[in-house]
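Okay, here we've got a single chain as structure tokens, the form predicted on its own, with questions on binding and movement later.
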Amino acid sequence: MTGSSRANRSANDLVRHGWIAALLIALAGCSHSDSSARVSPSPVTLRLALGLTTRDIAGSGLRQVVGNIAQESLIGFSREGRPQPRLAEGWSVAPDGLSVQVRLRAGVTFHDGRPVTAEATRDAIAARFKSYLGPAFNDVSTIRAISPVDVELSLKRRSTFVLEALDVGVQSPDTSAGTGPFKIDRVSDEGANLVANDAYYGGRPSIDRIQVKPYASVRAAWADMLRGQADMLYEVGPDAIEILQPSKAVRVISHLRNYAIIGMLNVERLALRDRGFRQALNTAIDRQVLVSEILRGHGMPADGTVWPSNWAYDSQAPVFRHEPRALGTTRTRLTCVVGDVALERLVLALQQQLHRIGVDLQCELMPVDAVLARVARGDFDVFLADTQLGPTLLQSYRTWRTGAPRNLGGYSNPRVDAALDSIGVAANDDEYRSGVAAFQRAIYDDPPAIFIAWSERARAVSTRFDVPVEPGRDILATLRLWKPVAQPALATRN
């Protein structure tokens, strides 16, 4: 990945153009229709194609995707990071901040038929909070059911992060069943089936069944989408968007994610201990070029670690700008591990930009499990990944606080810890904003990563489904509202 000959690039171009042509031929073969229409037959099945190369810092795959569809959280968060009801009908924080009370919706059941009680919710929270919150779990004293529909979290000190952590999925304690509009019927490495939840509190979905098929590559999933053998492509890369958008049978829907593509730095390595060097790595990056030319406009430059749509974001805080400066006559070599083939072109561009300041980035693309193993034992300089950093500040806390669960580079900074802790104990919006501003400045002064771009997620859906689209929101959030529409019948060939 550190370079290739012109001959190799030409060969790769021929291969790439070849498969693009093949897909376009497949598209043309599926486009013959007449003006007559028929209503989609019942039961309604959504065939979801899952390319297995998309990974985030925590890992992902078939089971995670299925779980995301089947599970729900107590509280969700808006694009601005404000809490919104989900399984919880409402919540309240005591005036002294030392307890949070959550009231459940009445009449909600798990997929296994058991009622979602305060006791079951208490157990679900207790099972996940310690690993999810990291050091902030020490602020929790007790979690108890105080009525059939009320859960109370008693705290040792005020903690905004405890409320923000209530976005974890809630499962039945014994069977791990969720509460969502679709329930898991079968799941294995070969695929999964989900069926409509007839008892869903928000109303039964119009789709009766979801069939999830994993593919060895995103490219193979694209091909089946264009052949009409899949109704939805779970994730579409920038290259595929250009192929799928001309199709009248496919609708590509995108939204900007609160996930940032970053190069997490192993600050325990000698070359990366110097914060000035880490700042130079960030100022060497031309983020606008990377977004426009490599991501093809599908993203936004990430010039810091805080999700810019968060209500407390400080627009006056310093940010990383493209101001490259040579680091001297001695070149520095860094090893970058990558587990997502979709980031390969980005890696090549990063190599070129860092080379100009005297840094040779040697990248190793490998299966995600191998990458995570390397990272776990500290055998890396840079870990390139798509990492959740919003919409709330809890995600930054989980990534950059000393000892936090996603702090994989050994980063520790007293100013950063103090700023994050002040956010956690904030008694009002003004104190929260002050903590966020201090956090942004502390990260700028001592960056734990190379911040590159906020990523955009694109999903492709067959036009035989009517898909409600809400600006800035993932269409999977409205899956229960999708409806089949009339489709043109295929022309009869004589």
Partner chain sequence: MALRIRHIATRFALILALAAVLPLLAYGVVSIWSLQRGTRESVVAGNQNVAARAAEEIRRYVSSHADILKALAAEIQDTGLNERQLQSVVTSHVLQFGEFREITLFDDSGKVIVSSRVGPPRVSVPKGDGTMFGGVSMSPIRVDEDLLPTTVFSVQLSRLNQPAGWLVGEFSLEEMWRMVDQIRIGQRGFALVVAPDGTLIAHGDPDRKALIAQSRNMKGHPLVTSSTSSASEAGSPTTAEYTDESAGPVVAVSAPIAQLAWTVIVEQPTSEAYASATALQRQLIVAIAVFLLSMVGFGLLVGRRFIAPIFILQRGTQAVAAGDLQSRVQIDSADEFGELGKAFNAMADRLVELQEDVKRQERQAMFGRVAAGIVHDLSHPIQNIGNSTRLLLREDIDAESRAGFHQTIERELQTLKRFMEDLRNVVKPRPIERFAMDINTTASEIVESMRAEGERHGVTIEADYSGSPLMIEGDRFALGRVFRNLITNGIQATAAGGSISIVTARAGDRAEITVTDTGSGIPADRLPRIFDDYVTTKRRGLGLGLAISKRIVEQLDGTITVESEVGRGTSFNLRFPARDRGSVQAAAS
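Residue numbers count along the first chain shown, from 1. Small disclaimer: the values here were computed from a predicted structure and weren't measured.
Beyond the structure shown, there is the form predicted in complex with the partner chain, which is absent from this document and is the topic of what follows.
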Quiz prompt | One residue of Ala145, Leu408, Ala349, Val368 in contact with the partner chain, assessed in the predicted bound form (non-hydrogen atom, 4.5 angstroms) | solution = Ala349
Quiz item: Using a 4.5 Å cut on heavy atoms, which of Asp381, Asp286, Asp123, Glu364 is close to the partner chain in the predicted bound form?
Solution: Glu364
Self-check item: Interface segment, criterion being heavy atoms within 4.5 Å of the partner chain in the predicted bound form, picked from 224-232, 107-115, 321-329, 157-165
Solution: 224-232
Practice problem: Would you check, heavy atoms only and a 4.5 Å threshold, whether Arg209 touches the partner chain in the predicted bound form? | Solution: no
Quiz item: Within a 4.5 Å heavy atom cut-off, is Glu268 in contact with the partner chain in the predicted bound form?
Solution: no
Quiz prompt | in the predicted bound form, Arg103 touching the partner chain (heavy atom, 4.5 Å) | solution = no
Practice problem: Give a yes/no on whether Ser247 approaches the partner chain to within 4.5 Å in the predicted bound form, heavy atoms considered. | Solution: yes
Quiz prompt | the partner chain in the predicted bound form - contacting residues of 275-309, heavy atom within 4.5 Å | solution = Ile294, Arg296
